[in-house]
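Taking the form predicted alone, here's one chain by itself in structure tokens.
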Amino acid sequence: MEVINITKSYDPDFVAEVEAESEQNVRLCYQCGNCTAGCPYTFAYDIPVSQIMRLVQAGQKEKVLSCRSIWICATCESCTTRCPNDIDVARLMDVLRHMARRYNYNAVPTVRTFVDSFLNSVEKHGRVFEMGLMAAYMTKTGRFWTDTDLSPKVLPKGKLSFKPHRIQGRDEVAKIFERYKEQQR
């Protein structure tokens, strides 16, 4: 068991930032463990959800933002549903991912590359262009043969297009990205 001296590493600004962005009061968590018990990905986490909640309460920014768990969370909201104090834990995990991106923590580089490729595709095309997303992800990660065995099954069914589809509302989607970038400045 790792012992953390919170008198030296407590970051009150981190706690305030997490609470402000998530609009959740993390101090309400009393470590019942329902979130961890209901999470389908607990087996893959390096830090269980209930311990992440405790680390946030303890202001352990470095430990929380550098963990793999926040990137593995599927946002299935099982944790949120099970919380007896109505803490939206899934939203909090999402905020932690955003903060990790903003402060350049990169615990799972392939997940970050996938997320970046996904968002770039949506920004450019108004929705995700699957073939372009796959090409960008494979090029950036060097995983050229990942899932290529699925091609003979998917391509004949027309599930993947070689050209992006034009959609209505593409300009509105672009405006969302512009507003986000302006807020980050």
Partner chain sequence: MSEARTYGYYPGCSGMGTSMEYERSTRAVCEALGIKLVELEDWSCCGSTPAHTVDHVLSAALSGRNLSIAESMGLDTVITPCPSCLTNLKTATHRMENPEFRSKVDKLLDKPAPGGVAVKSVLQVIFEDVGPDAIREKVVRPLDGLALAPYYGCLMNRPPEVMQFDDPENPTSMDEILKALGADVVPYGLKVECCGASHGIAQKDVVTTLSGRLLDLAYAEHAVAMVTACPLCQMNLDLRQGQINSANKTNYKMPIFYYTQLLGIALGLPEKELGFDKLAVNPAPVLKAIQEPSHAAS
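Numbering follows the first chain given and starts at 1. Note that the rigid core is defined as the largest set of C-alphas that superpose within 1.5 Å between two forms. Just so we're clear, the structure is a prediction, and the values are computed from it rather than from any experiment.
Beyond the structure shown, there is the form predicted together with its partner chain, which is absent from this document and is the topic of what follows.
Are all three of 78, 154 and 157 close to its partner chain in the model of the complex, meaning a heavy atom of each within 4.5 Å? Checked in the model of the complex: all three residues contact its partner chain.
Is there any non-hydrogen atom of residue 142 lying within 4.5 Å of its partner chain in the model of the complex? Taking the distances in the model of the complex, the answer for residue 142 is no, it never comes within 4.5 Å of its partner chain.
Within a 4.5 Å heavy atom cut-off, is residue 183 in contact with its partner chain in the model of the complex? Yes, residue 183 is a contact residue.
is_contact(residue 177, its partner chain) in the model of the complex, heavy atom dist at most 4.5 Å: It does: once its partner chain is placed as it appears in the model of the complex, residue 177 has a heavy atom within 4.5 Å of it.
Do residue 38 and its partner chain share at least one heavy atom pair within 4.5 Å in the model of the complex? It does: once its partner chain is placed as it appears in the model of the complex, residue 38 has a heavy atom within 4.5 Å of it.
Listed residue (28, 119, 135, 32) with a non-hydrogen atom within 4.5 angstroms of its partner chain in the model of the complex: So the residue touching its partner chain in the model of the complex, by this definition, is 119.
Would you mind checking 138 to 173 for residues with a heavy atom within 4.5 Å of its partner chain in the model of the complex? Result: 143, 146, 147, 149, 150, 153, 154, 157, 158, 159, 160, 165, 167, 168, 169, 172, 173.
Hey, does residue 13 budge by 2 Å or more at the Cα between this form and the one not shown once the core is superposed? After core superposition, the displacement of the residue 13 C-alpha between this form and the one not shown stays below 2 Å, so no.
Core-aligned, is the CA shift for residue 172 between this form and the one not shown 2 angstroms or more? Indeed, residue 172 is displaced by 2 Å or more.
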